[in-house]
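Here we start with a single chain on its own, the form predicted alone, put down as structure tokens.
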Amino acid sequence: MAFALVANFTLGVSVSEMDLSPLKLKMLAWHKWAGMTLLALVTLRLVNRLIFQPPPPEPAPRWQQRAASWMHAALYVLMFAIPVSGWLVTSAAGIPVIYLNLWELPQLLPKNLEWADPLKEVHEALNQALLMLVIVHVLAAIKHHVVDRDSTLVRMLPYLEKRR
């Protein structure tokens, strides 16, 4: 999931800096497909998390446990909000989202070009917020592994457990 998020973020930034061309339109379609796929995957991930509770956290000060809870909630909110905000931008611009060139997804808004630019700014701001949270999340996981020497990172990346 993390790799797919980073890849689609990178694709979105790359496309936004391109001049209008057939390549840009193709890459925008890929970006939208990836965004809709990520929306479906994060939905499945959340359902899975609600049905199968994760293991309890490592013992830590109460403030760290609260920070971790808030961080996870914020990450989930952003993983939903970002693709939905992109879909809203596309709808406001009057451009259909045709998933994998097979299915046209419904427009979430009527065409309104006055909304498209502000919605695009919201989409970009949400992406920047996710980038910041991911950086903090990664740094916290490394801190747990290197400084605290607990199993937090190993639990996030189970293949590391075999190396211990």
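None of these values were measured; they are calculated from a predicted model. Quick note: we count residues from 1 along the sequence shown, nothing fancier.
The same protein has a further form, the form predicted together with a small molecule, not shown here; the description that follows concerns it.
- This chain appears without its partner; in the predicted bound form, the one residue of V13, M156, I142, L23 with a heavy atom within 4.5 Å of the small molecule is V13.
- The stretch in contact with the small molecule in the predicted bound form, judged by heavy atoms within 4.5 Å, is 27 to 35, chosen from 134 to 142, 27 to 35, 56 to 64, 43 to 51.
- Within 4.5 Å of some heavy atom of the small molecule in the predicted bound form lies at least one heavy atom of V97.
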